[in-house]
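Next comes just one chain, in structure tokens: the form predicted alone.
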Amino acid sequence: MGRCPAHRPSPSSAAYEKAFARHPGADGALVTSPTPYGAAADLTGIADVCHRRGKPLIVDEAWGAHLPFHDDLPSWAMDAGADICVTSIHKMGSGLEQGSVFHLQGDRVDPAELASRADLLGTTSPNVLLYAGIDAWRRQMVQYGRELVGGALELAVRIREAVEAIDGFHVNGAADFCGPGLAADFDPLPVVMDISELGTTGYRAADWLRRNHHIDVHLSDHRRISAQLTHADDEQTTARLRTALRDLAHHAADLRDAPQVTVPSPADLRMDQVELPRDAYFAQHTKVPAAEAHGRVAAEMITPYPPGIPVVLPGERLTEPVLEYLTSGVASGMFLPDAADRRLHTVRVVAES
């Protein structure tokens, strides 16, 4: 079925060298690390590339709130030399939903400017419970972080071995995701399971687990499901997961003949940005059938969720491989929360004069 676009190879520091050479006017670099699949980039090397040019490195570390608290995990962005990282406490921590924080260091980014930009999007009436949750998580991890994360890592070893032993399951690990041209490091807490041998899709398997065992997987794609472990998991929660996965394997025959997803190469996923996103989004737009959208300029964002990584941005010129990926994905069970037409019968594009 091919490599899932959501876990395409992490850009290396050499790739950023080439990118800066092609775009010398770039103001800095933005990296997502770790990904929801656990793949982590070479942030130290990328930071060096940026800093030699006097440019900041900004890291979207939504899935990395736990990284500073154990040496067996990939490096925290701040320890790797990033200038800014954004961490979602509500994902891998104990914070409430929307509990996210900025970390800032060095003098390449003005703190007043960062605060001003945040104020453009933030509310003037913040929920004090969010701040309380963030502070409580900070205190908890300062006191017990290594112990809590260490326990989760030990649990991950056991559950990974148990799931690997189930017929039709392969648990992705560092050997699958790391290496030349791939990720630099790996977080084992996302238990990413390749179920290709079961003859079904991750979308269909996720629906089955929800319907029959009341378990929501962390993410699903055309060939994988993932169970996200945290410090809050224990033998009881993982026992439920093991039971559900064995039952899924037993009922695999009922889930076969799922529509196949046409997954493009990473290069084919990258479309030309022909208009600024703002200009395309606010331009006069129209809806056209997806089958006729090739060559048109997108006026909306289209994001398969999970994992919530946009495939289409406003201002990009739509291509056949991307459209085929999305339409075949929807037919297989892919969810597009931000598309104007979630079934993707039509696509919102910039109107032609």
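All figures in this text were calculated on a predicted structure; none of them were measured in a lab. The first residue of the sequence shown is number 1, and the count goes up from there.
FYI, the form predicted in complex with a small molecule isn't displayed, but the following is about it.
Contact annotation for residue 32: at least one heavy atom lies within 4.5 Å of the small molecule in the predicted complex. Residue contact check for residue 172: none of its heavy atoms lie within 4.5 Å of the small molecule in the predicted complex.
In the predicted complex, the small molecule sits beyond 4.5 Å of every heavy atom of residue 315. Contact check for residue 62: a heavy atom falls within 4.5 Å of the small molecule in the predicted complex. Checked against the small molecule in the predicted complex, the residues 204, 91, 231, 224 give one hit for a heavy atom within 4.5 Å, which is 91. Among 309, 26, 301, 288, the residue placing a heavy atom within 4.5 Å of the small molecule in the predicted complex is 309. Figure note: of the listed segments 317 to 325, 280 to 288, 49 to 57, 301 to 309, the one touching the small molecule in the predicted complex, with heavy atoms no more than 4.5 Å away, is 301 to 309.
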